[in-house]
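The data below hold one chain only, encoded as structure tokens and taken in the form predicted alone.
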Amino acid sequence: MSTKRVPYTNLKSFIESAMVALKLPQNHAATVAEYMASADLQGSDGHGVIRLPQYTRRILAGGVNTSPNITIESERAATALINGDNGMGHVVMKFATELAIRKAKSSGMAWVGSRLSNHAGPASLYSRMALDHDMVGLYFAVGNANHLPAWGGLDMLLSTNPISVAVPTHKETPIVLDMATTVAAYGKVKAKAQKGEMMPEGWMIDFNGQPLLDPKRSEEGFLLPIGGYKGYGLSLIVGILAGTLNNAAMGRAVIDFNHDDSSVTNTGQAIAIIDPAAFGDTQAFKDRVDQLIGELKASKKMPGVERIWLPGEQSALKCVDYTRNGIPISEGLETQLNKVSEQLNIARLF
């Protein structure tokens, strides 16, 4: 399937036009556009503009509040619970993360949870925000559809429940871990289907335990957790911290936003920020992280391995490539985006 390339600024402007047409306030439309385009820029193509048709459906069906009154429900010196009023997740989590950063600057660390939010794109968008302040960011979320059963079960009561951790550095590329608690995020499954590609073995199995390779048949099975039963346990704990703790959806209460456009998802998320200055000199900490990175990269490699990668390095390289050469848009995705353009009466991306 053929692909085209689009500059980041063009993609961001296109998404913003769509959000304005969907009646989001200008500042909210700009935030959503920036974060969605940034997802594609770093190579998180399962969470970028590919989500625009789905967001459009949900907004038009009344599943998302386009003009939310985002408030702080409860608050202490280093913690807060945000009520997103069913607004776009990108807007809610920007609010939550900025609050957590402010609190961490005075308290040394902070934890801010959110409820009544929505899908907010890749987890690393929010952990990365801490890097601009030389802080460590940790993000947790409950996925917007259950694709994972308890270990040994068949009822899908858990989701991909992602984790992201961003660690500042001095000279090296910042460490940015962004991972689902399943072998692959469901957004990657959707991206494979969009591109007409098959999934590798190990992503999903069917209800008889056999490998499921066709992403268009994903509803005939479920995602596999990372590390077997350990990944199941990790998904559960992340869901409790991001969902149950915040009085957000978890377990059977999770709304499958792939099939339900009108129900409120009550998505739960959490952001934690740590200020290294609370534990010593920040620059010295960043230098120690650089030293550790150097040791890992210089360590002895297995036969056939050319380079040892650190979390976030490949995304950083994609960002350089896509900034210079444009963000890839598949033919199938372009067709879907053209339909959105016609539906909203806005100019096409290409």
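Small disclaimer: the values here were computed from a predicted structure and weren't measured. Position 1 is the first residue in the sequence shown; the rest follow in order.
Quick note: we don't show the form predicted in complex with another copy of the chain, though the next part is all about it.
At a distance threshold of 4.5 angstroms between non-hydrogen atoms, residue 275 is in contact with another copy of the chain in the model of the complex.
Within this chain, residue 182 lines the site of another copy of the chain in the model of the complex, having a heavy atom no more than 4.5 Å away.
Although the partner is absent from this view, residue 305 contacts another copy of the chain in the model of the complex, with a non-hydrogen atom inside 4.5 angstroms. Put simply, residue 81 is close to another copy of the chain in the model of the complex: some heavy atom of it is within 4.5 Å. Site residues 154, 251 and 299 are all in contact with another copy of the chain in the model of the complex, judged by any heavy atom within 4.5 Å. Only one segment in the set 231 to 239, 124 to 132, 84 to 92, 194 to 202 has any non-hydrogen atom within 4.5 angstroms of another copy of the chain in the model of the complex, and it is 231 to 239.
Put simply, of 226, 264, 213, 145 only one has a heavy atom within 4.5 Å of another copy of the chain in the model of the complex, and it is 226. With the partner omitted from this view, the residue of 99, 189, 255, 138 that lies near another copy of the chain in the model of the complex is 138 [heavy atom within 4.5 Å]. Scanning 305 to 342 for heavy atoms within 4.5 Å of another copy of the chain in the model of the complex gives 305, 308, 309, 310, 311 in sequence order.
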